[in-house]
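Just one chain is shown here, as structure tokens, and it is the form predicted alone.
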């Protein structure tokens, strides 16, 4: 499969490229210059460039949009909202059958959900609130939904909360850093990348519709957010889990000191 990646040189991009490496052909794009060591085709391109995105999508089988810009009001809408419009126009123009959209969890589950509710799931009616980042990404997701329904394009949106390096979550590589502050819904960067791989490769028959949304979270016992859909439908299984931080080992204090 040939995959076009928009925003491939950001925080998530390298992990997605690593997850897809040796499995798919890739055309990676970003506004920055080609990173050292990247062996795949590269194009310096912004997601807000409609003509450029359409040209880049010719001949690809899947488009993955990782682009994001949070701080500037105009650029945030250009990238997060219009960028998704450009992706969907490109998919419609060239008959690309699948697109993968990404964003933060609160473009769906904003403050009114997160502060008051429990058992939050990715099929709830969206309520992103008014923050620039959440609002601009939510509008982009709605554009994806409309194009998907009208043109039969399979569109999968993956929503993340907080990303951490593996040594902050525990796992096979290193003992976790127990006292580093973290959000309890954190996902390790490698697992963030493999979630995209699962979305790229999931068979159509496993999808309930051609427009689906998923929360990308490891297992959390209090079920504030639910991750059962991504494991059941996409077959995603995170390698790193936060229970290594919940089940802290008792450590002997230094000589002459006593624990509280």
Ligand SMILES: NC(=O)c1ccc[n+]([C@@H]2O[C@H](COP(=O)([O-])OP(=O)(O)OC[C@H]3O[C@@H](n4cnc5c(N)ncnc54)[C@H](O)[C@@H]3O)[C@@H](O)[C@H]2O)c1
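Remember, predicted model here, so these are calculated numbers, not experimental data. Numbering follows the first chain given and starts at 1.
There is another form of this protein, the form predicted in complex with the ligand, and it is not shown here; the text below is about that form.
Interface residue among 57, 45, 26, 199 relative to the ligand in the predicted bound form, by the heavy atom within 4.5 Å criterion: 45. In summary, among the residues 134, 144, 188, 79, the only one with a non-hydrogen atom within 4.5 Å of the ligand in the predicted bound form is 79. For a residue to qualify, one of its non-hydrogen atoms must sit within 4.5 Å of the ligand in the predicted bound form; all three of 69, 160 and 163 qualify. Among residues of the shown chain, residue 102 is one whose heavy atoms approach the ligand to within 4.5 Å in the predicted bound form. Within 4.5 Å of some heavy atom of the ligand in the predicted bound form lies at least one heavy atom of residue 31. Heavy atoms of residue 20 never reach within 4.5 Å of the ligand in the predicted bound form, leaving it off the interface. The stretch from 202-210, 218-226, 60-68, 231-239 that comes within 4.5 Å of the ligand in the predicted bound form, counting heavy atoms only, is 60-68. Taking a 4.5 Å heavy atom cutoff to the ligand in the predicted bound form, none of the residues in 106-121 make contact.
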